[in-house]
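The form predicted alone is given below as one chain in structure tokens.
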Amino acid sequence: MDTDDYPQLKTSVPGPRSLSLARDLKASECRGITFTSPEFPVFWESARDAMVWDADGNRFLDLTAGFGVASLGHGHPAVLAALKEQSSRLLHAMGDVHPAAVKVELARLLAEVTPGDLGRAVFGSSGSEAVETALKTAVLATGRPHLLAFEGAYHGLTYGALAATHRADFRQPFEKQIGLSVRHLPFPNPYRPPGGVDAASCGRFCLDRVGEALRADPQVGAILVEPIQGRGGEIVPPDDFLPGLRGLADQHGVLLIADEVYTGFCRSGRWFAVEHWGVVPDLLCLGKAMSNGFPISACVGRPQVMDAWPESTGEAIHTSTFLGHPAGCAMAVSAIREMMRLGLDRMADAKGRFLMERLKPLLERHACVGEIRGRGLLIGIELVRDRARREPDPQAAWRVVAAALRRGLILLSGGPGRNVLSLTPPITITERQLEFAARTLDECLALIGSSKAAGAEAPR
């Protein structure tokens, strides 16, 4: 436990400096942003590979990759070198007027790595911006403003993306200001099949609902889908679902938009999750891991779809001050080339299988574990109060998150019921670290199973 690639705790967690910083932050930041409690958070000071150091000198193993961003590991040397070199020459340019040359290199590289004939990009700074660019593109290309999205979906929290996000706790306070017409349809979750059907039939059931919605509303111009739901609980749909959506979109003349902000750039064991099913969307939304740490995103589309945008005559109708930021573009070029060099898609697939094998015994040992699922290093452990009824247990999930933090593991809980342990570590994490993570999760699950009173109440 004293080697550099394992957790090492020098103080209590959170330690005294983290607790002091939490008090200061609470006094100066809007209370709606950072959750604080006696057990949360720790304040990061530095990170390398899969390890994070907090303000108290504690060392943690990061099973989140910082919300799925650091797929190459924190502080990857090549990406940092690209940032240093670019920022020493040019830190800011004029993205849609006099752009940085490196923006061209990134646009060409995205056309190379994305599937099919996707090859025209619009850059942004966040995943929400990529989604909103796709929504604007859809209405320009089809002339139809309505949208189909899915239950459990998370597409971001700016207003256009929020309209497509399903969770009521995000949407309800702002419903009166959300103007986009979106209909949310069931997403095929084999563990909890919608409509009373069985797991084998849930894909067909959901496709039938999409077909009905398209026939009922001729103003639908696009279908927006996460190929694998991330914040929705690592839900992998049945194999007939994505190809079926592609077929329905073609049949009805609507666009298929794949939100791969979370799943893109090798996370699922393929460069892009749609490739598991051989599907090429009309528009692909990208972000997070694209630069391995800089806020940059992109919407990449088929040329004939992106040509629905009018040619700029000197005033772009969609732009931003930091569009195609030089540092972000340079980091993204470096990160993508490193992914290619390392075969990061194959690495994610192999390490995901390795971790799954070590997590399987949790199903036998712990009655609260209902299912373990995922693709690549996008894995969800669903915790339930009762396996037969499959009732979500958010309290158990929170207790495991808190207990794991005290043992040096950083992880998150997600899903609509906030009962799914979400494992999205850096893809470069070592097998030794994955084994340690699996053992520690086993210990934490045993702890909460033996004492239902352990830990604090889950955040609401």
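Each residue number is its position in the shown sequence, starting from 1. For clarity, every value in this text was computed on a predicted model and none was experimentally measured.
Not pictured, yet referred to below: the form predicted together with a small molecule.
Stretch-level contact check against the small molecule in the model of the complex with heavy atoms at 4.5 Å: of 154-162, 342-350, 168-176, 372-380, the positive one is 154-162.
Three-residue candidate spot 127, 231 and 261; every residue lies within 4.5 angstroms of the small molecule in the model of the complex by at least one non-hydrogen atom.
Contact between residue 288 and the small molecule in the model of the complex is found at the 4.5 Å heavy atom cutoff.
Residue contact with the small molecule in the model of the complex: residue 226 places a heavy atom within 4.5 Å of it.
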